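One chain comes next, on its own, written as structure tokens: the form predicted on its own.
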């Protein structure tokens, strides 16, 4: 593959309706993407699989899902610390006026991380290494804070508010209502899938640095004395996880530590069982979607990178063609959020536990859907012997489960094919199936492979005689002959087929 894999995937995504830039005909601003028909289906399937994996299958702890407002008042985000602390460092070229995120520019030019350093320290690094504008070579200006929240106004009086920078704040603000309405007992979780907004300085790399994105997030509320007694921990205690520790990151050639979830807790590599539980489950989740074990690692954020509210953050990073990138953030938020909102609002957010009042501690796994979607595209992308793209997507999240193809558009084959297609779309709980009768059968197979269709169902002259059809598998190219009446069962079982390898 001579062309960069990222470029190939973006070309395919735009051409086949997976994703494309927002307001493209007006050359809209960077950092916004629309999911097309196929991308929208993939997103829906990813969310549903995540919901099954992390919420519905969790039998020993109740997790409740909410759907919160994307506009939050100034007072709530002032209390959370976002108004004062949610910034990135920016600098402007004195010659051409281009604006850069200073810490990213330094990392790209001299491969040094300045995450968490003060504006003055970042300015010093730029001066010491004589870093200049990559576009024109001009001198860079003063480092200034750039606020990442989108500001808006409410009502005729213009009350200041913001688009939420994370879905977590809705959960903390609704904590008391959920606790009492659902008659909760610690530990329990509150989950949310929804949009978040960050006014990034320089969005780039397709779906990786967006100004509007979707999170799948859980806030797990635990009594502090119970952080090392997760009721389902024995189910994952022996699961191997790959961790890039803080100590290793300080070495010239850092190495990832492979360790069981149990040993990670006992040796103090992770802070508690609840954190280890989610690191193990996330490893299982992404491996079940076809991402190899060796391409997954959890990087323990260095102290200067760790958010002000956190007792330890572990980013799940995936090794892409363009480097290691975060797709899940795991944070031990302690009791910071509930304590802070209680203090600022005057509302009591401590709850009863074992006969006393407790302010719960929080473990937060936060998944980026768009980044997950891109990861699945990259790890499933291949090319056949002709150089044509094939997306070997995980069966569960592929947008189209089957394509119905008449061999010819004559002699009643098209009518029979359309009848079978219609019946598959009208069963209870149907899978997404498409109909295609344009072009040669080989060309239609190729079109289906390009968007990751699991199965192709061909209706030929034998179908008219005995009501059997040919089913072709996307990955193996093997074909079998089956009764048309068995198709829905075959498609359903195929969709649930686990990833191999």
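What you see is a predicted model, and the numbers here were worked out from it, not measured in a lab. Residue numbers count along the first chain shown, from 1.
There is another form of the same protein, the form predicted together with the RNA; it is not shown, and what comes next is about it.
**Q** Does the trio 34, 396 and 430 actually contact the RNA in the model of the complex, every residue with a heavy atom within 4.5 Å?
**A** No, none of 34, 396 and 430 comes within 4.5 Å of the RNA in the model of the complex.
**Q** Considering the RNA in the model of the complex, which of 407, 424, 349, 400 comes within 4.5 Å of it through any heavy atom?
**A** Checked against the cut-off, the match is 407.
**Q** Which residue, 446, 55, 66, 70, is the contact with the RNA in the model of the complex, using a 4.5 Å heavy atom cutoff?
**A** Only one listed residue qualifies here, and that residue is 446.
**Q** Hey, in the model of the complex, is residue 386 touching the RNA, heavy atoms inside 4.5 Å?
**A** Residue 386: yes, in contact with the RNA in the model of the complex.
**Q** Please tell me whether any heavy atom belonging to residue 248 falls inside 4.5 Å of a heavy atom of the RNA, as the geometry stands in the model of the complex.
**A** Output for residue 248 is no: heavy atoms all beyond 4.5 Å of the RNA.
**Q** Does residue 479 reach the RNA in the model of the complex if we count a contact as any heavy atom within 4.5 Å?
**A** Yes, residue 479 sits close enough to the RNA in the model of the complex that at least one of its heavy atoms falls within 4.5 Å.
**Q** Evaluate residue 85 for contact with the RNA in the model of the complex, applying a 4.5 angstroms cut-off between non-hydrogen atoms, and reply yes or no.
**A** Close contact exists here: in the model of the complex, residue 85 approaches the RNA to within 4.5 Å, heavy atoms only.
**Q** Out of 270-278, 203-211, 70-78, 283-291, where are the residues with a heavy atom within 4.5 Å of the RNA in the model of the complex?
**A** In short, 203-211.
**Q** Do any residues of 8-38 have a non-hydrogen atom within 4.5 angstroms of the RNA in the model of the complex? If so, which ones, in sequence order?
**A** 11, 15, 27, 28, 29, 30, 31 sit within 4.5 Å of the partner.
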